[in-house]
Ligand code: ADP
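Shown below, as structure tokens, is a lone chain in the form predicted alone; questions about how it binds or moves come after it.
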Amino acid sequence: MKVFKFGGASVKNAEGVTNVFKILESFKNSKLLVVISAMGKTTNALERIVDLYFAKDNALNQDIDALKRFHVDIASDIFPNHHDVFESIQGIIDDLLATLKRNKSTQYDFVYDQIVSYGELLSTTIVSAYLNQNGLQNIYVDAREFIKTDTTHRDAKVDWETTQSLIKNNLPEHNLIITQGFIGSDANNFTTTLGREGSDYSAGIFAYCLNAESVSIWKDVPGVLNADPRVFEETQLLHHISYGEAIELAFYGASVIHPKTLQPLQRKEIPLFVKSFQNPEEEGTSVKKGQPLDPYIPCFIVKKNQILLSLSSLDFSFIVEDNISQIFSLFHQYQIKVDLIQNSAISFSVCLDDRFNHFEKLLPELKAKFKISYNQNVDLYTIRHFNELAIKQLEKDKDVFLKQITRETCQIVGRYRKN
């Protein structure tokens, strides 16, 4: 079996859905499990619905109506008027409304997972129905019945033993299976999510448990590029890279592959292909064991809206292992990701990714134990396989707050200089 994953950009409209059909039709002699993300910017829209719900904002129902209208409009372009899919869409929207109505939890992250998951349910319902209508018979499965996790909402950890047993024993036998990315469920069957952009990870989980032949991630770029084309003007396609290099790029923030995706694939040496859904005949990028970076060029990664935090002891004593252990325990408690570390005898600096906006809650605890200073809304730039020209180009027009160089990697925390 091969595992395919289509992201939100590939199914953002009716044309995208028909294009997915064409790609899958060209693989109709293969056994496929297809993981699909929410359509277009639906996850953003659902995040706003969660915020409106907690704010008790009257715009809530308008946003839910807009969500329904967006999906109905896509369906209207590719289905006849009285197709069952319209009833299915209404059923999902009704279930979303019922979930909000019966909810008693005040925990934002818990409610977030219950609501944001409806994006994937809507997209897979539409795609599955369209494939069946056009002769690609498939089975729709709910990923939550197979991917089991702990209760860490918005960043759930997979229960690999249970997940593997469910996929191995309960996944139906069929040549084409459609399922959702991003979502799973805990032991009590409450919905959990695997982290923003977690659909790639879902593909990796299914591939690992199925001993898949390969995983293909279909993107709106030609493959893995040496820089994000939305940020950097000149980019080059990386024809092939190793698992190790891909993990490094993903860890530092390369958005083309979710960081957790590669680990299960590497364990079973399952090849990963990153391909363009706009030009599916092109080779794209292959990620396999041991293959060198081709071409061997500097790779640029930027993570926006970071926090540069510097701490020093109140009594000028050394920052040692005990202090650092306390600090990292707090970062873990508040779900704040550390992307860079630099320390001296009496100070300790970190670049932080405050994914869930918990930094303000953390600050009082840090201030009680350390002298702190911080810069918000800074950018973290990483250059893998740097050279002096690459560093010089990156530093141009920026105020540099911190710079760190190791054998293969240069990292710079900075901000564009105001004129």
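For every residue, the number given is its place in the sequence shown, counted from 1. In this text, all values refer to a predicted model and were calculated from it rather than measured experimentally.
The discussion below concerns the form predicted together with the ligand, not included here.
Engineer: With the partner left out of view, is residue 268 within 4.5 angstroms of the ligand in the model of the complex by any non-hydrogen atom?
Structural biologist: No, residue 268 is distant from the partner.
Engineer: In the model of the complex, does residue 229 have a heavy atom within 4.5 Å of the ligand?
Structural biologist: Although the ligand is absent here, residue 229 would touch it in the model of the complex, with heavy atoms inside 4.5 Å.
Engineer: Any chance residue 85 has a heavy atom within 4.5 Å of the ligand in the model of the complex?
Structural biologist: No, residue 85 stays farther than 4.5 Å from the ligand in the model of the complex.
Engineer: Tell me, yes or no, whether residue 223 is in contact with the ligand in the model of the complex, where a contact means a heavy atom of each within 4.5 Å.
Structural biologist: Yes, residue 223 is a contact residue.
Engineer: Given the ligand in the model of the complex, answer whether the residues 298, 394 and 408 all have a heavy atom inside 4.5 Å of it.
Structural biologist: No, the candidate spot makes no contact with the ligand.
Engineer: Considering the ligand in the model of the complex, find the one stretch among 144 to 152, 126 to 134, 330 to 338, 250 to 258 with heavy atoms no farther than 4.5 Å from it.
Structural biologist: Within 4.5 Å of the partner lies stretch 250 to 258.
Engineer: Going by heavy atom distances of 4.5 angstroms or less, which of 14, 402, 9, 23 would be at the interface with the ligand in the model of the complex?
Structural biologist: It is 9.
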